[in-house]
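Coming up is one lone chain in structure tokens, specifically the form predicted alone.
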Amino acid sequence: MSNNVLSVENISVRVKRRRIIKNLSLTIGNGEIVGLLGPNGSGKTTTIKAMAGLLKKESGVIHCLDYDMDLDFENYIKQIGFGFDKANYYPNLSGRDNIKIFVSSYRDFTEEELNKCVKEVGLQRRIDDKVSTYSFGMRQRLNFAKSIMTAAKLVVLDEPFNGIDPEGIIEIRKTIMQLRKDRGMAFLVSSHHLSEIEQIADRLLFFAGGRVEKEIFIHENTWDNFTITIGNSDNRFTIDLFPNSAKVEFLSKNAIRISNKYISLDQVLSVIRENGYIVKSVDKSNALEDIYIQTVGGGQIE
């Protein structure tokens, strides 16, 4: 048996004659949390809909555990809980009834299990109210509850942090981590919120043009980049001024970029000041954000 809970192999998907997904392959390991990040129109939601069987694949295969999506869809889909950004509900029914109707088509469950799940997502006070009275953020929580109630091994969430207040985002992050710990669940989370995803993910997939442009392992890329500008550069302000371990990049005659992956900021600032230079500014940027922008472009990440 594979160590992967999900395997997507060379899938292509057309929407209205346009090929959105092009020979896409990705895997999710057992108990792994993977972030799927990319700008609007990059194909994230299309990929998730194809995994759910809501869009027909043009080619390729998808497996969840030992179940082939095309050959045994019933058992395949029972292993995965999908939470879409714009899920539909019965507005005149309570949140509890909506969950019961949806989840009962997947599996049997107890009232105790449902109550525990509702508490985990912070909806216990409003679960018996009609969904028509829910805010967008509350519907997102309900969507999350429904997703984890249906899943056996994998939860796929499309933009789960949209419309959620900061306290709710923290609760969802904690719930994801706890479910991974307690049940061994894996998660694929599509989002624009890099700052939220990097706190929980083991791995990031940067998505653009219907394919994975770059794969990043979080533990290998958790550092900051610093741009240091001085106010009195001269012809001595060169790379020879710094230790070889600093890996300095000159952006202009008076601005350098360093990474604290290789050397501390304090060490570099000390070298600059000891040689008589005045530090005009120090700007910090997250290494993952820089990699994202370099890979798929700016303007869409938060």
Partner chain sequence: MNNFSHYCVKQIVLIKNELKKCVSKRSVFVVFLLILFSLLLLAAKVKGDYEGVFFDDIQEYYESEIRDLYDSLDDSTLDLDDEQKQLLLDQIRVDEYMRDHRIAPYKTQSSTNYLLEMNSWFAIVVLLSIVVSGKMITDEYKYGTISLLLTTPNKRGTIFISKVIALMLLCGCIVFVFIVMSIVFGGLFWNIEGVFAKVVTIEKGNIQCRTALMQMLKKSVHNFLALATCAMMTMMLSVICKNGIISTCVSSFIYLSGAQLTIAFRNSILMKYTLFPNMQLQAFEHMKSEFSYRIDIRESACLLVAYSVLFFIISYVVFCRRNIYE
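Keep in mind it's a predicted model, so treat the numbers as computed, not measured. Residue numbers count along the first chain shown, from 1.
Same protein, other form: the form predicted together with the partner chain, not shown, and the subject of what follows.
Option touching the partner chain, based on a heavy atom within 4.5 Å in the predicted complex, out of Y134, F161, Y89, F207: Selected option: Y89.
Position in contact with the partner chain when the complex is considered in the predicted complex, options G53, G60, G29, P39, heavy atoms within 4.5 Å: Filtering the options by heavy-atom distance leaves G53.
Three-residue site I127, K153 and E167 fully in contact with the partner chain in the predicted complex at 4.5 Å by heavy atom: The answer is no; none of I127, K153 and E167 reaches the partner chain.
The partner chain in the predicted complex: contacting segment from 188-196, 69-77, 115-123, 228-236, heavy atom within 4.5 Å: Careful reading of the contacts points to 69-77.
Non-hydrogen atom contact Q178 with the partner chain in the predicted complex at 4.5 angstroms: It does not: once the partner chain is placed as it appears in the predicted complex, Q178 has no heavy atom within 4.5 Å of it.
is_contact(K100, the partner chain) in the predicted complex, heavy atom dist at most 4.5 Å: Output for K100 is yes: heavy atoms within 4.5 Å of the partner chain.
K247: touches the partner chain in the predicted complex, heavy atom cutoff 4.5 angstroms: No, K247 sits far enough from the partner chain in the predicted complex that none of its heavy atoms falls within 4.5 Å.
Partner proximity in the predicted complex: R257 to the partner chain, non-hydrogen atom cutoff 4.5 Å: No, R257 sits far enough from the partner chain in the predicted complex that none of its heavy atoms falls within 4.5 Å.
Neighbours of the partner chain in the predicted complex among 104-124 [non-hydrogen atom within 4.5 angstroms]: Sequence-ordered list: S104, S105, Y106.
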